[in-house]
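Encoded as structure tokens, the following chain is the form predicted alone, with no partner shown.
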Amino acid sequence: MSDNISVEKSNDQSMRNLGKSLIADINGLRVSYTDDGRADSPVIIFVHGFPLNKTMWSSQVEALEKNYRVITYDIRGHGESEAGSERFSIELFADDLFRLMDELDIKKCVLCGLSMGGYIALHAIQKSPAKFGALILCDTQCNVDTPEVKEKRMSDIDHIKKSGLKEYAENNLKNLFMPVSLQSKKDEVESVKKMIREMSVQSLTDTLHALANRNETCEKLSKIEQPVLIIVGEEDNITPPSKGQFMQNKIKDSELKIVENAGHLSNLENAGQFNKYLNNFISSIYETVS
């Protein structure tokens, strides 16, 4: 086992809540999370993308829970978590992650984030590196929005406030999935559409503001000392493989894996290959719990 990663253990399994749709109260904010797998094993925390929720990670939970303790949670304003009253920002979302870890008495974990979850993960590890033993960045980037992307977010906010989420959800699916997946992954597409349409207009537009106004994290990539895996779908048009390659070049000894036949939601479009990369990376760091 790597020297810079500790295994989270619990002496009393009865003190830990297990299962789906659990609620943690962090400074008055109700956060929905899941907690599966073995208490005496390494902790993996997954941070979902926008505008999705923790259920996007169900295949990864199933793949890992036999050997690890696996936690997913809904970012504030997403899924079943409350939005709270504070102004949304990536920094606030990262602070929420720290509070959840404190509430669950998790001193260190492997952190995996996709898209917006990757933005949060990069801010978190750069703010408090000691909390993380390894980092997995999926279909994400360290750059800020281009002026064109920021303008598109502002346009989406105006349109959503006037017309609601139905049209936005339909249009967003075309960006999140590669074209063939829209036909071949019907269940996944419908699941994502449902996640988007169940968000409140306020939370969705507030998150768009947070994404548009986020800070870059590229300059500090070279300071990351933990093992890092970068995963990206080969047909990802939002954060293409070139974005992953850029980060790999900046992060010492990091790995880059390309998921075939996948767009932006590589964990859903080709879960088998995604999970293989995930498992291989984590097991190379930890001795698999037998």
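Numbering starts at 1 and follows the sequence shown. None of the values given here were measured: they were computed from a predicted structure.
A second form of this protein, the form predicted together with a small molecule, is not displayed here; the remarks below concern that form.
- Of the candidate stretches 217 to 225, 42 to 50, 65 to 73, 248 to 256, only 42 to 50 has residues with heavy atoms within 4.5 Å of the small molecule in the predicted complex.
- Looking at the small molecule in the predicted complex, residues 115, 153 and 176 each place a heavy atom within 4.5 Å of it.
- Taking the partner from the other structure, the small molecule in the predicted complex has no heavy atom within 4.5 Å of any heavy atom of residue 29.
- Although the partner is absent here, residue 211 sits close enough that one of its heavy atoms falls within 4.5 Å of the small molecule in the predicted complex.
- Using a 4.5 angstroms threshold between heavy atoms, residue 264 counts as touching the small molecule in the predicted complex.
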